[in-house]
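The data below hold one chain only, encoded as structure tokens and taken in the form predicted on its own.
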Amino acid sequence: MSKRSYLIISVIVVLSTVLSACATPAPAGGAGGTVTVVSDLPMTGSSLGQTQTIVNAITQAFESKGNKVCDGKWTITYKPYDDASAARGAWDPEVVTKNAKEYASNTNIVLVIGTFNSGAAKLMIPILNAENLAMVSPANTYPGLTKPGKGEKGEPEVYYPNKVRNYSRVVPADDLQGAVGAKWAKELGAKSVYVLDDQELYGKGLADVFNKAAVANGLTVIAQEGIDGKAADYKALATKINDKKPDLIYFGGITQNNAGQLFKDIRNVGFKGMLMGPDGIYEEAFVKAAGDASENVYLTFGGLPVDKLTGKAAEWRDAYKAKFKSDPEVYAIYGYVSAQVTMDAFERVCKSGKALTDRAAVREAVFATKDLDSVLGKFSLDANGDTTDTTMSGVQIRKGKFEFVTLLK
């Protein structure tokens, strides 16, 4: 090689080094693009009144940021999915499984807001876990989905085949709700209770917790019994219970498993005692289904009723009403908070220099949620994916309206 050639090559190498050193670093979070967030909720049947307000709130949250995150580099496309079927009029295992497989295979979907029903979560979590796809639920409360020793044998590990958690929720679990419900029953003056459940994961799990807590609080549990959620009527069961003369009947379950007919038949046989249920029947659909039998029913709920919200939560409520010209139901705000968790996680993924299409990075960011300043106040997600917000309320139905009674501890 000639000296002249060597000199030219040396100059090129030096210039390349200088130019590389002066080059602008790659933007955090990659070059940007579009990612999809889906919600998975029952939107066929009587759940629609509740779930449509959740979808509205999720839409509201994303639109408040122009559907953009990471300094506008990434666009969020939000798509609501229905996991119910017309045949069931409620969430359908076949639809849930079909949806989950679609989410898992579509790599542009980076987070799922859902599910609404804990039984649906039981089916969906393992499918998404295998693909590192994060879930944030605005409504699931069954403890066994996340908490060791709080559910059935093998739970929650059985839902996480890759040994890493991908499921979280922004509502308190039923090990809290069932316990405060039993304590409240005693405070209301009950000495004996009859416990019913709809035999689903959520309903039976909640009834089991209530049963155990009732005994611990000195109440007599006459019996616990599961109902057929598709039965034409419950007259025989109602008559049997009425003959036992419990002070309070507790139902663990959801409206869509015939709760309205159950409460009607209980009242129609002449039962004069107290009736109590969980957040699974805290919806207008229950009042409509039960009619006069819903009057004076006590309900427990994680959080505060919409009309009792204050501060940022009240501002959210008023903005919702202005935007959608209707009142949000009780779980709507948790849809909004789920979207806030999502966007906060996305921002931190970008700051780490990773792309939002990196599902593992998104999942890790969700589980690193700490002191998020949401519309419900600051909260974190623990290692199990559970919220540190444990506010619980006691509500009563009076003249067809849900009226706040007390905070429950």
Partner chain sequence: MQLVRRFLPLVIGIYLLLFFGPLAGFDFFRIVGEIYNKPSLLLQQLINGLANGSIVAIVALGYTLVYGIIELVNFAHGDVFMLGAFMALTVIGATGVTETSTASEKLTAALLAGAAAIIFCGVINVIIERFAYRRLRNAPRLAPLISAIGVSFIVQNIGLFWGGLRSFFPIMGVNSAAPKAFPDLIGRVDVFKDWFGLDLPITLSTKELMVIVVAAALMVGLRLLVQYTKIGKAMRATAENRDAAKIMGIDIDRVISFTFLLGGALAGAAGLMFGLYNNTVVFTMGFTGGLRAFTSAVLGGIGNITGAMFGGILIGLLAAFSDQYFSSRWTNAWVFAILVTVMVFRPTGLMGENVGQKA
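Numbering follows the first chain given and starts at 1. This structure is a prediction, so every number in the text was calculated from the model and none was measured.
If you look for the form predicted in complex with its partner chain, you will not find it shown, but the lines that follow are about it.
Heavy atoms within 4.5 Å of its partner chain in the model of the complex belong, among the stretches 237-245, 70-78, 124-132, 330-338, to residues of 237-245. For the residues L201, A285, L176, M274, the 4.5 Å heavy atom test against its partner chain in the model of the complex is passed only by A285. Of the candidates A216, A322, A86, V164, A86 is the one whose heavy atoms come within 4.5 Å of its partner chain in the model of the complex; the others do not. Although the partner is absent here, N99 sits far enough away that none of its heavy atoms falls within 4.5 Å of its partner chain in the model of the complex. Its partner chain is not drawn, but in the model of the complex it has a heavy atom within 4.5 Å of G226. Contact check for D233: a non-hydrogen atom falls within 4.5 Å of its partner chain in the model of the complex. Using a 4.5 angstroms threshold between heavy atoms, R317 stays clear of its partner chain in the model of the complex. Applying a 4.5 Å heavy atom cutoff to its partner chain in the model of the complex picks out Q261, K264, N268 from 257-274, in order along the sequence.
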